[in-house]
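A single chain comes next, written as structure tokens; it is the form predicted alone.
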């Protein structure tokens, strides 16, 4: 994933791989052209020296409710909170570029930015500057409300540095498009590159009433990010089925769907790939997916935040990273209705070229009109389509 931060409220994301592409095509009625975008990415990351010993807490499973949505059930003094913040900032500063040098992880600047975001999430709507004003008034014993106990904050930040636990799992959410999505261990953290899929869907439905009013499916939905993004751009039209094999992902996706009051628009189903879509074969207007596409042997070399903590089920695409991509290609033709749209994320140029050759050679009765055009550095565009069935 991209190493740098986006503007405004957007939080950071872990890196997965150096290449990314969105591959998509559409069943013709008549044949329509679509695009595939491959973005070459560069990664950043860091390792930690010994921190000052924080208070020890027994580890416990993270709550489903993100930190910023929790009630302000705790209180502390300004001086105690600032003491934690000073300790945490010193620990972050001590990292320097060591994580980045070791596996393209976060540097001290990014970690300090995360610390500020953590402070914002834990305060009960209070301006952080109020604490400093209290100190300036020589009133460090001022009581403030928090959404987590100070002792828990010590534990969480120690996990962030010592265990390289992703920041999104620490605070329980990820900012994605115009959404704030609940995430937790066992669910892939949605990345900004995946937003391209929603943008492509928005482009095609603006030009095709049948697609706008039809049934869409997000396969391997994870947090429900793509499904929710599509449901929001569909507006009062169409509906979405979101599927995932992982019951934790189903729980988290359902939580996010309900939080955005989209229960009547999105149905979350548990199951593997095409199995939850039995009964709608040939009736689906659009299929989207961010499937596992990392080669198995590459998992150990990923950024620690990813390789140690994010679900391998959502990352590992088999020996060449192609297992699930091929499964999607093989099943799409029978699932889509004529004129249907299919977009999925891959790991870059090599995988895309393989998939194009595969579809031309192995599925000649369904797939046609494949061209590749190099637009500019790091971008590929694929014009593809299915034959009428």
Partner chain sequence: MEGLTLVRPFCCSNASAVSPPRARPFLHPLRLHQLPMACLLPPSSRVRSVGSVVCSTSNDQLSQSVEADSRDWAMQDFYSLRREVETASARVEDIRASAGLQQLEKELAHWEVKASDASFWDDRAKAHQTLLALTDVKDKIRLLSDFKTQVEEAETIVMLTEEMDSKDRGLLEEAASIIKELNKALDRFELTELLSGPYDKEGAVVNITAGAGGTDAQDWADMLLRMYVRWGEKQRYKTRVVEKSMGEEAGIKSATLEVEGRYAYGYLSGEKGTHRIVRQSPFNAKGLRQTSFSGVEVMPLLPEESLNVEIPEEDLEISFSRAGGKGGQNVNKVETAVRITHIPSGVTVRCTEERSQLANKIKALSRLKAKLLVIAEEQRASEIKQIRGDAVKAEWGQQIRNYVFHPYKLVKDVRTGYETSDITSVMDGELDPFIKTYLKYKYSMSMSANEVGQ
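Computed from a predicted structure; not experimentally measured. Numbering follows the first chain given and starts at 1.
There is another form of the same protein, the form predicted together with its partner chain; it is not shown, and what comes next is about it.
By the 4.5 Å heavy atom rule, the three marked residues 66, 246 and 268 all fail to count as contacting its partner chain in the model of the complex. Of the candidate stretches 221 to 229, 190 to 198, 146 to 154, 72 to 80, only 190 to 198 has residues whose heavy atoms lie within 4.5 Å of its partner chain in the model of the complex. For the options 121, 163, 258, 213, the one in contact with its partner chain in the model of the complex, meaning a heavy atom within 4.5 Å, is 121. 298 is the sole member of 281, 185, 298, 208 with a non-hydrogen atom within 4.5 Å of its partner chain in the model of the complex.
Interface residue remark: residue 276 is not counted as part of the site for its partner chain in the model of the complex, having no heavy atom within 4.5 Å. In the model of the complex, residue 239 stays away from its partner chain, with no heavy atom inside 4.5 Å.
Using a 4.5 Å cutoff between non-hydrogen atoms, residue 308 does not count as a contact of its partner chain in the model of the complex.
In the model of the complex, none of the heavy atoms of residue 324 sits within 4.5 Å of a heavy atom of its partner chain. Contacts to its partner chain in the model of the complex (heavy atom within 4.5 Å) from stretch 317 to 356: 345, 347.
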